[in-house]
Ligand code: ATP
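We begin with a single chain expressed as structure tokens, specifically the form predicted alone.
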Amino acid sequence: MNSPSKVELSAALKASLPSRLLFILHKAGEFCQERRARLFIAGGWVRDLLLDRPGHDIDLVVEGDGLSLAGELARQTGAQITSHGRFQTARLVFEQFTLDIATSRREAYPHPGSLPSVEPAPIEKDLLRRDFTINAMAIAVSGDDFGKLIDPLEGRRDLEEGLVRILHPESFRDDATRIFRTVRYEQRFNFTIEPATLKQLKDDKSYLATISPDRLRYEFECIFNEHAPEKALGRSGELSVLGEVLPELSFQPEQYRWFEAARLYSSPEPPPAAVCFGLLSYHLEKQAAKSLGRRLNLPNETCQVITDALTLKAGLDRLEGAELQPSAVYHLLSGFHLLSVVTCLATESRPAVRRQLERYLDELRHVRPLLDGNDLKLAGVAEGPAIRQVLQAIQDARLDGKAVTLQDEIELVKSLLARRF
């Protein structure tokens, strides 16, 4: 991988960006030039450009006042803007992409796991605060330096050699979420964790205890957004990183297949995060699963999916009976969160059980009576529990093929009333 020239990088950059984003970048460059400020694209987008896999969302870094640039671009384009004065950062949200803008800065961490304190600094110092060498590169996008690669830590070389390398020995102590990002990048790019970095990761993984539940949950959600999250989860288990989050948490060989199956069932969309957490927790006891929910501050709905999946898991044997009526399948599954059924389907290897779960998801859960409560009251069914019971009887009849038409439902109601229901 030869080092690209400024001209080559400039051409690659322009070819990789949509016209709308190029126009905004041009406006940003003009704004910075007028104020004698330098403007750069930095971080992951540069890494991906050099790997010939650029995305649309860009991080801009300004040697100057990044918030002023963000405000001006928002004014000119009508983009939605969110600013964070403490960190001198802003995000602009457009229809097709987002643009993150930051003032070039250095950081200091008061204690492990804390958010950093920041102060303005040149781009070279800004890059030194990054997580990995492959993310510590920038491309100038203003003035005569347009297209120039800034690479003080030889991240380009590590890209060429396929290495994930931290910048200094205190990196994981400063921010232990970098442990998960190390594994994510290694697996995403099919790289190798650089030996000294791997040793530091193993030595410092206990610093994950310093990370807040919300930040930890976010790291798991980032893993779930990977193309094959099971690879990063498996590697995290192999390195005992998962066990630092919760001692009972691990990644078993069969879980690779579960995540692959979940992708197949949810395609073309990725599996919901709640399903991924359900798969991750599927081998845990309920008490340990509850502890994981607290450790990651999981949403109530996600906790319900996990708990329902573990409860349903214990009763899946009941779905193997060949004589099981559709209404019986419905009653076995309808009380559980829908995503817990999806979770169980992804884990299930028995063909008969899979068929019943699929039938419930695809057909049975959608079956509803044609008559409603008002119809039943007019027919003479007493208000209260009787309405619900008759509606359930009609639904069961439809599920089992005993009531197909509206007239069938009416005759069933007459029959139930005749028996003084």
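Sequential numbering from 1, following the sequence displayed. Because the structure is predicted, anything quoted here is derived from the model rather than measured.
There is another form of this protein, the form predicted in complex with the named molecule, and it is not shown here; the text below is about that form.
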property	result
Residue (of R263, H331, R129, R295) lying close to the named molecule in the predicted complex, criterion heavy atoms within 4.5 Å	R129
Sole residue of R184, R165, R217, K205 within 4.5 Å of the named molecule in the predicted complex, by heavy atom	R184
Close approach of G29 to the named molecule in the predicted complex, 4.5 Å, heavy atom	no
Proximity of D158 to the named molecule in the predicted complex, heavy atoms at 4.5 Å	no
The named molecule contact in the predicted complex: H56, any heavy atom under 4.5 Å	yes
The named molecule contact in the predicted complex: R38, any heavy atom under 4.5 Å	no
Segment that reaches the named molecule in the predicted complex - one of 317 to 325, 282 to 290, 176 to 184, 78 to 86, heavy atoms within 4.5 Å	176 to 184
Contact set, 27 to 43 vs the named molecule in the predicted complex - heavy atom within 4.5 angstroms	G43
